[in-house]
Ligand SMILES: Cc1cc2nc3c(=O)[nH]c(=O)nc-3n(C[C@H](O)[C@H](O)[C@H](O)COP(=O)(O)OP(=O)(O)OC[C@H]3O[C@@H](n4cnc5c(N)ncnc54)[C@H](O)[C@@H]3O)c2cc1C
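What follows is one chain in structure tokens, specifically the form predicted on its own.
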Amino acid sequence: MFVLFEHDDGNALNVSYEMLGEARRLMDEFNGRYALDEKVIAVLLGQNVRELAYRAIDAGADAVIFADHEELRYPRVNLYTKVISAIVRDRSLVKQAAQSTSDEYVKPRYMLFGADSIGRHISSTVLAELESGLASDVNKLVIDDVTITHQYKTNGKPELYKHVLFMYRPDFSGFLWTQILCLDNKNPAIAREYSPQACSVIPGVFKPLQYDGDARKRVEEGYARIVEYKPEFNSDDLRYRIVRRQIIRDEIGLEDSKIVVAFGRGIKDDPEDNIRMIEGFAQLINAKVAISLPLSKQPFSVSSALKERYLIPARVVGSSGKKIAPKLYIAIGISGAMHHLVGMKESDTVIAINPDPDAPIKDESDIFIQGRLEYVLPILIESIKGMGSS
């Protein structure tokens, strides 16, 4: 299982540690179940990044293959795609990292990328280059065997597939799991192997391992390996250059806010007035405003000012947006789809306002107020104003 170890100019991203932790757990179970000795290998690209290789080993990697080059300091899709694809296809290189690698090795069994702005892009181009499939924005992984009958894949006959990576993500409704598999064609007429089985992983879903700090010792004693790949670039590879780099800070600041007020489709009966009321409520308690994913699609007719201010992707909380952990999270008119809960379940205290007594958000709430926001919110606003005047 190969994991792309992402960093920003030497600063490792949390999702890299999270993916390595989950990869370690998956492959330990895999090896125990199938009596194999397959490894977790981190792929690390950048400039002056060798020290990060030890961090990757501490985080769960058996080995690290790194490429250190000034042209790799910042991600460029064409360069990263070329180097990553070359690394994972190089049998002799992979054997240096994992001696147990089969002589018949062609491509990895599994690959993991972060589902962020970098990983989403690079994962798609790498898997296109490797001619296999990709599941995006995954938040659950299981390796298992399965018998499949499929008109196209198996010519309508039951076939056993072993070592299948089950990749789960919420469907568009947010209430059901979508199960994604990358399966070989076992139909003789169109027989073809698809590998690696790959996905991009939502940040914040998996827990990293506790670092033991013994990476250097393990490398010295031969229990872990660090292998360098020396890339070569031609003029065509370098036709795109980064001439200026500016980090754009998040103007919304949801991650840094202690209080977040979020609203969802429950505003539907009077979107304009309800958003304005929520806006006033948030200002009253010094909170930042967030939304659920469906609101970013701008499903309701509201003034352009409100639309541009609030119904935007930058305010989305959930698996397709931000993962936050404020002291207080107030969910107004949000049912509690899985992809939303992923983004706010680490909040210290959750208050939900919803007329549906069976809304899934209820199970994540410390306080659940059953009622329409049009009735409940004015009472809360007046109560808070009264407390201030007294």
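Not measured: the values here are computed from a predicted model. In this text, rigid core is short for the largest set of C-alphas that superpose within 1.5 Å between two forms. Start at 1 with the first residue shown and count on from there.
We do not show the form predicted together with the ligand, though everything after this point is about it.
Taking 346, 356, 363, 51 one by one, only a single residue has any non-hydrogen atom within 4.5 Å of the ligand in the model of the complex, and it is 356.
This chain lacks the partner; the member of 216, 245, 268, 207 within 4.5 angstroms of the ligand in the model of the complex by a non-hydrogen atom is 268. Contact annotation for residue 71: none of its heavy atoms lies within 4.5 Å of the ligand in the model of the complex.
Interface residue remark: residue 82 is not counted as part of the site for the ligand in the model of the complex, having no heavy atom within 4.5 Å. Under a 4.5 angstroms non-hydrogen atom cutoff, the ligand in the model of the complex lacks residue 201 among its neighbouring residues. Although the partner is absent here, residue 114 is not a contact residue: none of its heavy atoms lies within 4.5 angstroms of the ligand in the model of the complex.
Listed stretches are 280-288, 84-92, 126-134, 309-317; the contact stretch with the ligand in the model of the complex is 309-317, by a heavy atom cutoff of 4.5 Å. Within 4.5 angstroms of the ligand in the model of the complex, the stretch 321-345 places a non-hydrogen atom from each of 321, 333, 334, 335, 336, 337, 339, 340, taken in sequence order.
The two forms, fitted on the rigid core, differ between the shown form and the other one by less than 2 Å at the CA of residue 274. In this overlay on the rigid core, residue 225 has a C-alpha that sits less than 2 Å away from its partner position between the shown form and the other one. The pair residue 205 and residue 323 separates in the model of the complex: their C-alpha atoms are at least 3 Å more distant from each other than in the form depicted. Relative to this form, in the model of the complex the C-alpha atoms of residue 166 and residue 323 separate from one another by 3 angstroms or more.
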